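As a starting point, one isolated chain is supplied in C-alpha cells, in the form predicted alone.
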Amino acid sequence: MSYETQPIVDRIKEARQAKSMSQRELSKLAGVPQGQISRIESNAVDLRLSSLIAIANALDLELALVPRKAITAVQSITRQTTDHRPPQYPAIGKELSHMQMALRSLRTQSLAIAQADEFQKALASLNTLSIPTDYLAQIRNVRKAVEQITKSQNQMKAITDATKAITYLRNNIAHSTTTQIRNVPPKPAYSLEEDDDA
C-alpha cells in the first residue's frame, strides 16, 4: 500500500475504535468482509473505492475531494469535531455507549435507516456536551426506548420519538449549562482601586 493511503487507513481505524465498534460490527454495517477490513487496517491490501465508501458511510464519515489550498482549514475543522469529547461521568458514558450499540444493532437490521441517521445526528450533538448526573435517569430512559425499537410495531415512529426525546434532552442540557455560565459574575482582569494595607 502506498504512503498516501496511510492517513486514510489510520482515520478508518480511529473512527471505528472511537465508536467502540469491532471489525465484525463494521463488516455487518458496511457489507465488507471482516477479513478485508482487517487487511485494510493493517495496510496489507489496496483499498478499493467501493469498500472505502461503504466503510466511511458505516462510520458516519463523508468522502470529499478537497482543493489543496483548503486542506489545512478542513483538517482543523475535522480535529475540532472529532477530538472534542468532553469527559463524562462513568454512568453517563456507559449509557451513551449502550445507546450507540443499540443504534448500531438497529442499523444492522436495516430498519428505519433514515430515522436512524437522524437519531445518530442527535446523539452526536449530545456527545459534545458535558452532561451532569442529574440527567442520568432521562438518558437511561431514552436508551431503553432505543433498545425496544426493534420490538415495536411502528419502528419509524418509535425512532422518531426517541430522536425527539434526545434532542429535547440535549437542548435542556445545553440551556442549563449556558444559564449556569451566565449566572457566574464576571471577574475583572484588574482593579482600578488598590487596597492600601501598607
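Since this is a predicted model, take the numbers as computed values, not measurements. One rule holds for the numbers: they count along the sequence shown, beginning at 1.
Another form exists, predicted together with the DNA; not displayed. Remarks below refer to it.
Student: With the partner left out of view, is Met101 within 4.5 angstroms of the DNA in the predicted complex by any non-hydrogen atom?
Tutor: Yes, contact at 4.5 Å.
Student: Examine Pro132 and determine whether its closest non-hydrogen atom to the DNA in the predicted complex is within 4.5 angstroms.
Tutor: Taking the distances in the predicted complex, the answer for Pro132 is no, it never comes within 4.5 Å of the DNA.
Student: Just to confirm, Arg16 within 4.5 Å of the DNA in the predicted complex by heavy atoms?
Tutor: Arg16 belongs to the contact set for the DNA.
Student: Do Ser152 and the DNA come within 4.5 Å of each other in the predicted complex, heavy atoms counted?
Tutor: Outside the cut-off, so no.
Student: Can you pick the one in Leu29, Leu136, Leu169, Val45 that has a heavy atom within 4.5 Å of the DNA in the predicted complex?
Tutor: Of Leu29, Leu136, Leu169, Val45, the residue with a heavy atom within 4.5 Å of the DNA in the predicted complex is Val45.
Student: Answer with closer or farther for the CA-CA spacing of Ile55 and Leu103 in the predicted complex compared to the shown form; it moves by 3 Å or more.
Tutor: Note: Cα gap between Ile55 and Leu103 widens in the predicted complex.
Student: In the predicted complex, the Cα separation between Ser50 and Leu103 changes by 3 Å or more relative to the shown form; did it shrink or grow?
Tutor: Farther apart, which means the C-alphas of Ser50 and Leu103 are at least 3 Å more distant in the predicted complex.
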